[in-house]
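Before any questions on how it binds or moves, here is one chain, the form predicted alone, in structure tokens.
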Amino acid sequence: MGRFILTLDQGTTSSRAIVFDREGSIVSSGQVSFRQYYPKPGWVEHDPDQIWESQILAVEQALETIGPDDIGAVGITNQRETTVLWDRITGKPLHPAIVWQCRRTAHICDDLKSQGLEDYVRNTTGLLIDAYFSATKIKWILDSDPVIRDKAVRGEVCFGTVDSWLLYKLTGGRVHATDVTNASRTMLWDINRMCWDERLLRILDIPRSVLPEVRDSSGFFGEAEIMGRKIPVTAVAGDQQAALFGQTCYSPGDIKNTYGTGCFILCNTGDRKVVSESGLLTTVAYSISGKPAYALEGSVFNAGSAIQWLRDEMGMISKASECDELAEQVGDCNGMYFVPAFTGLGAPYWDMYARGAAVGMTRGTTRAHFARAVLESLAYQSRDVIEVMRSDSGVDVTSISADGGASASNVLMQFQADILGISVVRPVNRESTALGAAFLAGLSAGMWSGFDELRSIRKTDRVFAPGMDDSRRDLMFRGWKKAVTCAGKWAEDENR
């Protein structure tokens, strides 16, 4: 095999391609941003063709100095839940991709809840009924366009999360498949029997023929045609499960937190499916050789996107790193809290109608306080999740592993340790999502022998220890909870 692994890391705001060597080090990379579309309040769309084009451009950038002959295998990791429907014959998208953040299907979710399906959905799929997941997005597209529905009934439509879309395009339309981690995020996958659930398909009126074949996360998916060469695709995993794998969280109780567009906390529960009583999700962490491992997950919808909002919409900063620089100028937020519920609140609230709020401001509030409040909101949302994760899993959380773009912020990492009262461990290689997909691909391709070798590759950059006393920590967290109540149910009336 070639000397390197190529990871396609397709995210919510950009597509990246990263080449890793046997030591897990980055050899080269490429990144191309693409446009976000917001046609209505709470709606978020992507152009599937732009996703594909940006991904190919990123691959070409990454391989400028490394020929494709040196690539032994390809791993794919992707933004999850985002829904793409395309023509099975022509390969052309039939509708804009509905992004995981989009809230347009809230009314469909309300209808499912009114039918008393919440327990069935939770026990079958491990998920809660929410617009976050793919199932209601598929239904919305089919219901809104009779032409697409007719094509779907005739077996002429493919549904996929973004991994399936990329795999289809990479293989010239020969492969329509996904892996169990992505399937488990659709609200259509039975995590107990490991198959598509026929009852939910009937209730949502989704033809079985649109769904992809589901495979292990690590294994042969097909041959990608890249720069004139065929290279085996040997791994597919949703971005957060890939990050868990890249952080080498292979033992029950291992926890990671990824600070990306959203903020996602996963706890490995091994072969045990833990059903949450507190709004967490039960999901498939990965599957190798037909043996799935499970995880508890808390999903925060808006994290790094709040920093982007400060930059792009508010103009308070000119680059993301400036948020950290501003926050360092003040020791606290001067009583201000910011709740970034732009597209609702995820775990543990699951409030589709929440909207963003900034509270506690005075004439003494400055741009620096605002920047710090945005950073601190990521840590508060993480504490919301980890508190219920402790109670649901029975795990005594003593530290968490951090990765993702915002983990570069020392201010955020220190405040995260302070507000949690536990250590936060940041690895040298913070590209854990891409690395996890590379690890999964390399295991299948024979580059690495197993978990022990992968653990030896991961290196720690810094450990942030808590330095805040309990009374101060509890006081600040009570203020956060009060702020969340201001944001809750804000848009409920206008969506009915």
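The term rigid core refers to the most C-alpha atoms you can superpose between the two forms while keeping them within 1.5 Å. Numbering starts at 1 and follows the sequence shown. The structure presented is a predicted model; accordingly, all values stated were derived computationally and were not measured.
Here the subject shifts to the form predicted in complex with a small molecule, a form of this protein not shown in this document.
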task: Using the partner position in the predicted complex, report whether Pro212 sits within 4.5 Å of the small molecule, counting heavy atoms only.
output: no
field: 4.5 angstroms heavy atom contact with the small molecule in the predicted complex for Gly219
entry: no
message: Contact with the small molecule in the predicted complex for Ser134, defined as at least one heavy atom pair within 4.5 Å: yes or no?
response: no
- prompt: Would Thr261 sit within 4.5 Å of the small molecule in the predicted complex, counting heavy atoms only?
  reply: yes
query: Of 363 to 371, 401 to 409, 276 to 284, 202 to 210, which is the one stretch near the small molecule in the predicted complex, taking non-hydrogen atoms within 4.5 angstroms as near?
result: 401 to 409
Residue (of Val359, Val330, Ala320, Ile288) lying close to the small molecule in the predicted complex, criterion heavy atoms within 4.5 Å: Ala320
query: If you check Gln308, Thr171, Ser423, Asn123 against the small molecule in the predicted complex, which one has a heavy atom within 4.5 Å?
result: Gln308
- prompt: Is Gly126 one of the residues whose C-alpha moves 2 Å or more between the shown form and the other one after the core fit?
  reply: no
Residue shift check between the shown form and the other one, rigid core fit, Ser209 Cα at least 2 Å: no
message: Following rigid core alignment, is the displacement of the Asn302 C-alpha between the shown form and the other one equal to or greater than 2 angstroms?
response: yes
